[in-house]
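Before any questions on how it binds or moves, here is one chain, the form predicted on its own, in structure tokens.
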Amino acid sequence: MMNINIEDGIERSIKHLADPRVQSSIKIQSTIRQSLRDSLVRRGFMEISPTLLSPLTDPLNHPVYDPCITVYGEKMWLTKSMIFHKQIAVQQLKKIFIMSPNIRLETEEKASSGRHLFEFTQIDIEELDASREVMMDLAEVMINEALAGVRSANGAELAFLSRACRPFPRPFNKIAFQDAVANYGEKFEERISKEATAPVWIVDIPLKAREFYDREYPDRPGILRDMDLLWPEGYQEALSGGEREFQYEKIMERIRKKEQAEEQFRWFTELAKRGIRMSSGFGIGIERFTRYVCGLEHVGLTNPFPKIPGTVSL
């Protein structure tokens, strides 16, 4: 059992909140949040409430501790992402976004990555009948508008942090996953990000590297119509998304290929059996966006009460 010295923890929290880097990053993050919201509202997207506890959540494609409680005799999980809720809600609401709190209890070794918190926020976006390319264009516009917003509103903070925060030329460069592996090796994300001076898209990711719910190319089995975006300067992942699988038979086939329990996803698969339409979307990590803009060594400096993997804190 972990021994927690509460007095030491309180002192750490006070010292953290007094750090001028933290104060600057929180001011900048407020601008980023508002700019991203404004970008979406101008384009007809509707903000909906987040879901924090559900019998249905993202299976993810990497190991995490998976907290579960029993509610009225049924299992419910803390939400790791709203991927299924988005795909369900968008069937009626067409264009949506959520400023979504997520809890992913990452394993302790992630503490030193500089990129991981086990409690964080992502702005989750979904549009009915939209293609991956439409979503990529939207993401580029949103990012540049947020960078321009920070440059306009947070000059003093940027000067303190020695950051320029200029929008990037569009369209951003694209690299296919298989080409990235061939040219940079298995740790291609880190190498590409370190070399890049502007964001880079990684597209056409194989099924084995992703969850079951993204859509395959009709003529390229095992290759998904999805995308990741990498920040430059070594800051790595900015966002992740793609087109969603919507045909019931293919969804079930994909769950079996990933060797996942069908019962875990029945709230979604039963709806898919009735018939749903394709949608596309992505999620942008707010703290990671802030970390990049501020040029900080650890994402914990962007949050007033950071939850570092392996650490119990306020």
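This is a predicted model, so every value here is computed, not measured. Quick note: we count residues from 1 along the sequence shown, nothing fancier.
Another form exists, predicted in complex with a small molecule; not displayed. Remarks below refer to it.
Using a 4.5 angstroms limit between non-hydrogen atoms, residue 127 is distant from the small molecule in the predicted complex. Contact annotation for residue 282: at least one heavy atom lies within 4.5 Å of the small molecule in the predicted complex.
Although the partner is absent here, residue 204 is not a contact residue: none of its heavy atoms lies within 4.5 angstroms of the small molecule in the predicted complex. In the predicted complex, the small molecule lies farther than 4.5 Å from every heavy atom of residue 149. In terms of contact with the small molecule in the predicted complex, the residue from 116, 85, 244, 132 that brings a heavy atom within 4.5 Å is 244. Contact annotation: of the candidates 79, 193, 154, 122, the single residue with a non-hydrogen atom within 4.5 angstroms of the small molecule in the predicted complex is 122. Remark: of stretches 33-41, 266-274, 249-257, 56-64, the one touching the small molecule in the predicted complex is 56-64 (heavy atom within 4.5 Å).
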